[in-house]
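Coming up is one lone chain in structure tokens, specifically the form predicted alone.
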Amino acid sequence: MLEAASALGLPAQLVGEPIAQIGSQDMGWPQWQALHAACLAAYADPSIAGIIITHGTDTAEETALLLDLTLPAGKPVVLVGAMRPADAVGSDGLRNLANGVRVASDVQAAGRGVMVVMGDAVFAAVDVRKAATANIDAFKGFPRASLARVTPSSLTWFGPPHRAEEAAIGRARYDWPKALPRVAILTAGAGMDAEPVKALLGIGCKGIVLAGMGQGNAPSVVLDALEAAAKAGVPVVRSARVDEGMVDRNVEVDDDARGFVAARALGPAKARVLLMVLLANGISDARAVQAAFDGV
């Protein structure tokens, strides 16, 4: 793949390092540890200008946010993938890689944190999500649609680096954890009862993300069970099962009274990642967790 990309005449010298050869549905703590360590080594190497990670699309948004939270925002880190296999008609993998090289080698890419480059678009880790199962343009951004448009021969940024101040400080927002606590996603559905909440607490979940209806709502018996969990010290974050939209505090659900956290623009998968990182860094108070979600 590197040979094919190098043959395109891109303005970069590519050096490969294998981390794992698995489907991204199997990404987990061992792979994230190895990937984070490799990124830190690349950060420390003055001969490396940027980092490109080839990654399956199923969990790219989760890996991107985890790295974005725990790496400095200086050198650009770009995740690329493919919606079509390499031997399929119209395969997009090589084009996405070429676009990733264009982004990672651009001087204006610094100070933007981790990005995902798919379908000729550049997305910030905090905004990106996989919104379709098979489309070439399966990745979307919310609340920012994208940071830039890119082709192998052109790149147009839509604004200045949004993390330039953090990049100047030179350190990550959160420490890399020694382990990630168990946090579960509970999907709300009509007619459900409180038993799933009890089950999650029974297996030792240290936090729960609600993939709620509408703006993060759920049947009252479920909210009551989650309130009891929150008041017992298990943080509960309200997100939404809908594809796009904000979950604001105290809208439809009285977060102040129940002790919940509103996920704002983060969907359930990324809300889970952020909550795991916060808990691993010793942040569990609802107000502090809410501040982190507000500021991500």
Ligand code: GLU
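Start at 1 and count along the sequence shown; that's the residue number. Remember, it's a predicted structure, so these values are computed and weren't measured experimentally.
FYI, the form predicted in complex with this ligand isn't displayed, but the following is about it.
Within 4.5 Å of some heavy atom of this ligand in the model of the complex lies at least one heavy atom of T57. Shown alone here, A82 lies within 4.5 Å of this ligand in the model of the complex, counting heavy atoms only. Contact annotation for Q25: at least one heavy atom lies within 4.5 Å of this ligand in the model of the complex. Considering this ligand in the model of the complex, the lone stretch of 34 to 42, 57 to 65, 249 to 257, 265 to 273 in range is 57 to 65 [heavy atom distance within 4.5 Å].
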